[in-house]
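Here we start with a single chain on its own, the form predicted on its own, put down as structure tokens.
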């Protein structure tokens, strides 16, 4: 089992980071959405991580031609989606498997989606059931709850569906199904989740409209969409680890370069600002997504209560828990039961690891309470969750922490350890 040890930072720093991993969510979508065009999509700065490369391979197995030069990718879509002779491997990515479920549900053919041991434990009926309700033929272990997921694709009717959960993955799957349906479809969620799919698909020419009643109107495609010509920005959720690093290191400053400033993606930075950190957003462009820099300066942190916009924070809450662990007062996270169905049960794993670090923390069914204090040296487990692993490596900057089972970091942020080593001493072991 591989591990990484981090030793405490002994002095303040002021740095710019322009090597943050490319945005994972946007990279997955670039691969999948390219299949909706009949022209070559050109994607620059595509994330070179295991999960996103798996998505490219799936697109290739579905009939597309892929050309790669470094971080540049050209995708030539097939005239028709090919029924592949192999299982489509999504690796560790819930985004990939759930979006491909929605996409493939409306294309003729038989498809099987699977992933690694951790993805095989994650719930899939949250996507399978809505798709089944509109006529999709989907099955899997435990009545479609667990992968491998089988799909017998067919043209679907239009639908009107109201989801009880706010999930960009569920929403994106249903939009993809609606774009290839026979009639106009309508989709509504309990609160606005991240909106990359709507922005990107609209930029490609899809007719998506948010109505006054909260439903997204989805017009079926009468012709192929325009090809993508996009530079994938840096991932703000990956950059957020180093935002927390700056915020918990006195007299320090870090600038995260060229990241998406989409409001549904920078909520964690807003929370860090509420806690007392000095956070500045500097927009530079806005085509598919607003893009710019985020500047974070350390100031004394205070406790915070988080109960809203949880779907905008789902990836960053483990890292936010590290800021809460050193803040003054008791921080509370609630209405966050969605954390239990991510790469790990992030409520349980965050609580267990913080307890190992000597922090007073209480587990709730829908979140946790963290009493700020002093993080102490410990050996913790990633539980196969890349964001838990990276969050507690950032915690190691306050003391000496060893995180075990860190191979998962490669799924989203392959150069994380290299960047971290520029701030503090890092040891990698087997």
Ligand code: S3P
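Numbering follows the first chain given and starts at 1. Quantities reported herein were computed from a predicted structural model and do not represent experimental measurements.
One more form of this protein, predicted in complex with shikimate-3-phosphate (S3P), exists but is not displayed; see below.
In the predicted bound form, at least one heavy atom of residue 194 sits within 4.5 Å of a heavy atom of shikimate-3-phosphate (S3P).
With a 4.5 Å cutoff on heavy atoms, residue 22 does not count as touching shikimate-3-phosphate (S3P) in the predicted bound form; it lies far away. With a 4.5 Å cutoff on heavy atoms, residue 257 does not count as touching shikimate-3-phosphate (S3P) in the predicted bound form; it lies far away. Within this chain, residue 315 lines the site of shikimate-3-phosphate (S3P) in the predicted bound form, having a heavy atom no more than 4.5 Å away. Exactly one listed residue, out of 134, 179, 128, 168, brings a non-hydrogen atom to within 4.5 Å of shikimate-3-phosphate (S3P) in the predicted bound form: 168. The listed set 185, 95, 252, 106 contains one residue whose heavy atoms approach shikimate-3-phosphate (S3P) in the predicted bound form to within 4.5 Å, identified as 95.
This chain is displayed without shikimate-3-phosphate (S3P), yet in the predicted bound form the stretch 23-31 from 393-401, 41-49, 23-31, 369-377 comes within 4.5 Å of it by heavy atoms.
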